[in-house]
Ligand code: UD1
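Taking the form predicted on its own, here's one chain by itself in structure tokens.
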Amino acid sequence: MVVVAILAAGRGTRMKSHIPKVLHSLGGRSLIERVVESVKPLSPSRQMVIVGYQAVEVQAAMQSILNLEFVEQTVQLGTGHAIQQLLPHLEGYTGDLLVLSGDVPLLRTESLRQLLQTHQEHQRAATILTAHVTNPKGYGRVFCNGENIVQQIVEDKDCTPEQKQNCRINAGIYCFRWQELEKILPHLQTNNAQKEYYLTDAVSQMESVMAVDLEDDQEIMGINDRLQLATAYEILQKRIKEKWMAAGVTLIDPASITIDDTVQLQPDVIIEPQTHLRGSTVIETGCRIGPGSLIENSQLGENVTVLYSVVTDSNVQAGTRIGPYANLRSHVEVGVGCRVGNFVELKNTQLGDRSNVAHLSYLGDMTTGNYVNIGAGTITANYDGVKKHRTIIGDRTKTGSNSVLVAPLTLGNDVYVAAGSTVTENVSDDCLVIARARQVVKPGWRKKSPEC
């Protein structure tokens, strides 16, 4: 049985932001959301987030995550002080406590599982995560014997010059036997340069503490400023791209492509340069996306192509071609085998199977049947200055170029709208509607000059 505690009370002054550090976004998720996601597969009995700076904002941002408990640290006096806040909440608990940091978002579940297994197999009072790094500046140093038994932990600011030569660092990730830790927590002292209660002091007072070394020290990278945030994003992107290329996805020029780890791709998808995939996007096999495209929170069926276009919050079914320079937004649904061409914008529109909007059109708040053809320059006038209204078009209906459909409006099946028409009234099935002024030609219209 394990309880997880996530430290998330700090302000993060080096971020130079009014946003709490743990709420800064990394690849579509906040830093702390990534930490929470990493422990889910471990099935902890409780997950406790220790909040402080802008506690209300942090809790509000995480309210959609189930089974989180929030414990407030009203004054931030160090990591030991933060864990002291758990004492009344874990009274009588006899299991293990896994302590994580809300600003260390790259830690893999596998590494946490290894830490837990080592801790439980060796029955230690505490087990800590460590790593050997080339530049340990800023990290506490861990000193061990030949069997990885911890002998001393010294914070960077408290290290002597000789101690700073040790490159084994404390990752700030701990697994404690709670009954051992709760005896020590009330007696922590602030005998250090920062005058804070260090959790490492609790470790030093325990017997039989073991270190577990990480192979990849990038996992324990903490985020303290925007430069580190950007570096973490590069690391995350490398992981994501390697994963998808190994799974059969082609990335042409991976360096110019970004993919959130919430995106799902199927084999034989091709992602062209300068393409960005965001949110809960799903792209099925045979799709070709880009170059120069953004897909966000959208589902694309098999063999869809998207060229130089933006698709957000939409669903595009198999065999449809999007672009170039199309914009699908706000709950668009496009049927099978459609074409949405250059300089077309669809908003809250449902386009039936085998329908075409080839170029230069705006369709907003519209529903069409199947085999509909929207002529170049057709627009829906869907806003009356107060409310939005819908346009409904039946099967096999065609609009001529430069048509205006003034909503609310219904056009039946097999309707033809003459080019240049402004349609304001409903039209029944199998009709031709002409809604334009009759052409008038007046010969000799040019004004004669006096010399003539």
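When you see a residue number, it is the position in the sequence shown, counting from 1. The structure displayed is predicted, hence computed values, not measured ones.
One more form of this protein should be noted, the form predicted together with the ligand, which is absent from this view; the next part is about it.
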query	finding
Heavy atom contact within 4.5 Å of the ligand in the model of the complex, the stretch among 96 to 104, 254 to 262, 336 to 344, 363 to 371	96 to 104
The ligand: the contacting residue among Ser293, Thr305, Gln317, Gln73 in the model of the complex [heavy atom, 4.5 Å]	Gln73
Proximity to the ligand in the model of the complex, single hit among Thr275, Thr200, Gln350, Asn327 (heavy atom within 4.5 Å)	Thr200
Exercise: Ala82 in contact with the ligand in the model of the complex, heavy atom 4.5 Å	yes
Partner proximity in the model of the complex: Gly78 to the ligand, non-hydrogen atom cutoff 4.5 Å	yes
Proximity of His24 to the ligand in the model of the complex, heavy atoms at 4.5 Å	no
The ligand contact in the model of the complex: Arg436, any heavy atom under 4.5 Å	no
Interface residues of 124 to 143 toward the ligand, as seen in the model of the complex [heavy atoms, 4.5 Å]	Tyr139, Gly140
